[in-house]
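As a starting point, one isolated chain is supplied in structure tokens, in the form predicted on its own.
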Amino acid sequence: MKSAADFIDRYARYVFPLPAVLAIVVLIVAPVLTNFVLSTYDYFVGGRPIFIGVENYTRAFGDARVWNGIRNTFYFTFTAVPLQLLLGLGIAVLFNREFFGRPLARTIILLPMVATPVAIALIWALMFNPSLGVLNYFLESLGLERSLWVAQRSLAIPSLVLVDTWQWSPMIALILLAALQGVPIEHYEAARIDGASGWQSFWHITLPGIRSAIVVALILRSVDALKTFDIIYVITEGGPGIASETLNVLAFKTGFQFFHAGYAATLLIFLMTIVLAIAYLLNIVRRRT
């Protein structure tokens, strides 16, 4: 026991980080390496894997469906995230002020974020139903025409963006609200004495004060939105046709419906590369803020 304690004391800087390093290796490094190796094989589940090198990558570069998936992934992400940022910022500014019922309002606004994504997707799928959905009932009540929502190619991704925005805008609001409460109130008082308007105070005090938090929220939501799978698959399964089929959904279909594990691994390498590239660029922006 004494020798073991002496060993730990002597090599504490290696022993204590070891569990975290092992967890990273087992949960992250090993699966990524396995996926990369699998992408170099022509392997259908139940068959014999055949080494083909980079042929899966060559095929993916020439596959119009892959490019459609990449385009839909960017369309969904870069539509949803800015919208969520604007709504989240507005909610944070509102909840940073004192008003009656603020604690209850804060609790209610966070409910979409803590709900199960699949359950949310099932509820929204019912709401989007062209015949029985409550959304078309509201449109008719306002004297507007009924909509096909996710059954219409041009509206499929915007409808999914609506769901994602409803669910995740509260998370951005929570991050920005915490940052807002760290902005010194003295700055606003000094600006008010100098005759600054509310908009000028917001532009010159509020935004600079929470700039780092905004970038962090963008990084978290962008990375997560690029990998979104649950609400897209449950609501549309990538349809109608392939109108809302993101790269993540295409990889799932390739691996678990068509059982082409090698090609599915290649698509996931593509997705991982895109996520890492965007996360890297956003981190550069964060360091410069």
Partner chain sequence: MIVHPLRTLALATLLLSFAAATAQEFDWERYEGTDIRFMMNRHPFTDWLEPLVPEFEALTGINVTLEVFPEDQFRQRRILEVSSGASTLDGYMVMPGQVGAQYLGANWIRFIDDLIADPSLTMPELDVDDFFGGALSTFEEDGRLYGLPLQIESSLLFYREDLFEQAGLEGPPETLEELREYAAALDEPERAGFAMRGRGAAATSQIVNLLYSFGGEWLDADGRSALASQESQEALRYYADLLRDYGPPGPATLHWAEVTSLYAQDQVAMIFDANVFRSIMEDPAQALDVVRENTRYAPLPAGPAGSVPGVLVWGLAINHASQNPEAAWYFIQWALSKENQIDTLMAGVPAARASAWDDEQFQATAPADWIDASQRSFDMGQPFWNPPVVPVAEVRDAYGLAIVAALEGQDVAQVLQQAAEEMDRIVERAGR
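All of these numbers come straight from a predicted model, not from anything done at the bench. Residue numbers count along the first chain shown, from 1.
One more form of this protein, predicted together with the partner chain, exists but is not displayed; see below.
Peer 1: Taking the partner as it appears in the predicted bound form, which of 166-174, 205-213, 112-120, 142-150 has residues with heavy atoms within 4.5 Å of the partner chain?
Peer 2: Residues of 142-150 come within 4.5 Å of the partner.
Peer 1: Looking at 44, 57, 36, 67 here, can you tell me which has any non-hydrogen atom within 4.5 angstroms of the partner chain in the predicted bound form?
Peer 2: None of the others qualify; the residue that does is 44.
Peer 1: Identify which of 130, 158, 90, 82 has a heavy atom within 4.5 Å of the partner chain in the predicted bound form; exactly one of them does.
Peer 2: Comparing distances to the partner chain in the predicted bound form, the residue within 4.5 Å is 130.
Peer 1: Residue-level question: is residue 260 within 4.5 Å of the partner chain in the predicted bound form, judged on heavy atoms?
Peer 2: Residue 260: contacts the partner chain in the predicted bound form.
Peer 1: In the predicted bound form, does residue 240 come within 4.5 Å of the partner chain, counting heavy atoms only?
Peer 2: Yes, residue 240 sits close enough to the partner chain in the predicted bound form that at least one of its heavy atoms falls within 4.5 Å.
Peer 1: Just to confirm, residue 220 within 4.5 Å of the partner chain in the predicted bound form by heavy atoms?
Peer 2: Answer no; every heavy atom of residue 220 is more than 4.5 Å from the partner chain in the predicted bound form.
Peer 1: Although the partner chain is absent from this view, report whether residue 28 comes within 4.5 Å of it in the predicted bound form, heavy atoms only.
Peer 2: Result no; residue 28 lies far from the partner chain in the predicted bound form.
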